[in-house]
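Only one chain is included here, represented as structure tokens and corresponding to the form predicted on its own.
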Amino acid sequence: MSKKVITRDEWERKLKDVKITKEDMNKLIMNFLVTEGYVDTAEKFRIESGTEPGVDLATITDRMTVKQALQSGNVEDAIEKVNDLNPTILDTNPQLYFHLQQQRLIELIRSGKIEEALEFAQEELAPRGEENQSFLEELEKTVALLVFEDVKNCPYGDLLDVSQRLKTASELNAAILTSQSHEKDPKLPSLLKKLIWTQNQLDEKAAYPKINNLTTAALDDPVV
């Protein structure tokens, strides 16, 4: 079955029929800056474009301070800061609180504080594991780090990677955003994913000018 061929001229005419206002584009950019925590850039963009952020920019600074503390491994500091920001966040999210405590255990193990880590696991995490099977499984994986002299040989050694800190920090960041009635994820990456998915679907039916480079958004001529 031959594919329909859409020329560049025809495709560009269709694109011109799609009306997207500059105001909508500015809102999309501001949403990204606010969600990702680029407070200085958001303030400059507000002044230049007249686009309001929809939140107090000071709360972005507070949120980023919490996130950065966690990314640095200062879990206790992050917990204290988020409680100062909004104490109900952790009170109403037991999974997030468990993951923060799990990260605190990981940091103790990373620092070689074995006895303190075991005591912390027994007193703070084990009771939560008894109440929740998934928590128990995560705790067992974390405690397994103590069994191996060389964590490279531990199947759960990736818990000590920086990526684990970033994962927990992202979860906390999303919870703070939700508490502020803001989307937990920026809209722009989601729209780009939809673009890629739509193009993949269209590839099966037609040859058309396609965006292969998302950085430049340049249209490549259809491959016939």
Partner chain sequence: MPSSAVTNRPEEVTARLGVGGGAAQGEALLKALREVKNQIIGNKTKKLLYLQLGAVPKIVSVLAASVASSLGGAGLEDAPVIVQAAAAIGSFACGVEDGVRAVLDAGAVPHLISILSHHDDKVVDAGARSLKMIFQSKMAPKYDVLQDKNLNFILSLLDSDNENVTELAACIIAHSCETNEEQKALCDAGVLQRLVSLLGGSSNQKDACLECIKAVVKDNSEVSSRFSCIGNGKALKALSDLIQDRYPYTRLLSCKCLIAIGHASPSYVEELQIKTKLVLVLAELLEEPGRVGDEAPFSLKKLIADNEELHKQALSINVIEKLCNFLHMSSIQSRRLQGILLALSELCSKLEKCRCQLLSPQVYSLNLEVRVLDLVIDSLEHDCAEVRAAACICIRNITRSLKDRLQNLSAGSLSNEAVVIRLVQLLYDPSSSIQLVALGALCNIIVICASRKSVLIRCGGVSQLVRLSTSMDSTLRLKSLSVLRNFLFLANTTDKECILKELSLHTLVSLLNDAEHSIQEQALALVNNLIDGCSSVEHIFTEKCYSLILDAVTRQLKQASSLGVCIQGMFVLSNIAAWSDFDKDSVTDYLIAYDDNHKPSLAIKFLQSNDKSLRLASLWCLLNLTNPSSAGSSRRVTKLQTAGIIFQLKSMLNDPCSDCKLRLRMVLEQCTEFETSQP
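Positions refer to the first chain, counted from 1. Small disclaimer: the values here were computed from a predicted structure and weren't measured.
Missing here is the form predicted in complex with the partner chain; even so, the following discussion is about that form.
Considering the partner chain in the predicted complex, the lone stretch of 136-144, 149-157, 89-97, 67-75 in range is 89-97 [heavy atom distance within 4.5 Å].
The candidate site formed by Pro127, Thr178 and Lys187 is fully in contact with the partner chain in the predicted complex, as each residue has a non-hydrogen atom within 4.5 angstroms of it. Contact with the partner chain in the predicted complex, defined as a heavy atom within 4.5 Å, holds for exactly one of Glu52, Asp56, Glu43, Glu183, namely Glu183. In the predicted complex, the partner chain stays beyond 4.5 Å of every heavy atom belonging to Leu108. At a distance threshold of 4.5 angstroms between non-hydrogen atoms, Leu85 is in contact with the partner chain in the predicted complex. Heavy atoms closer than or equal to 4.5 Å to the partner chain in the predicted complex belong, across 17-51, to no residue whatsoever.
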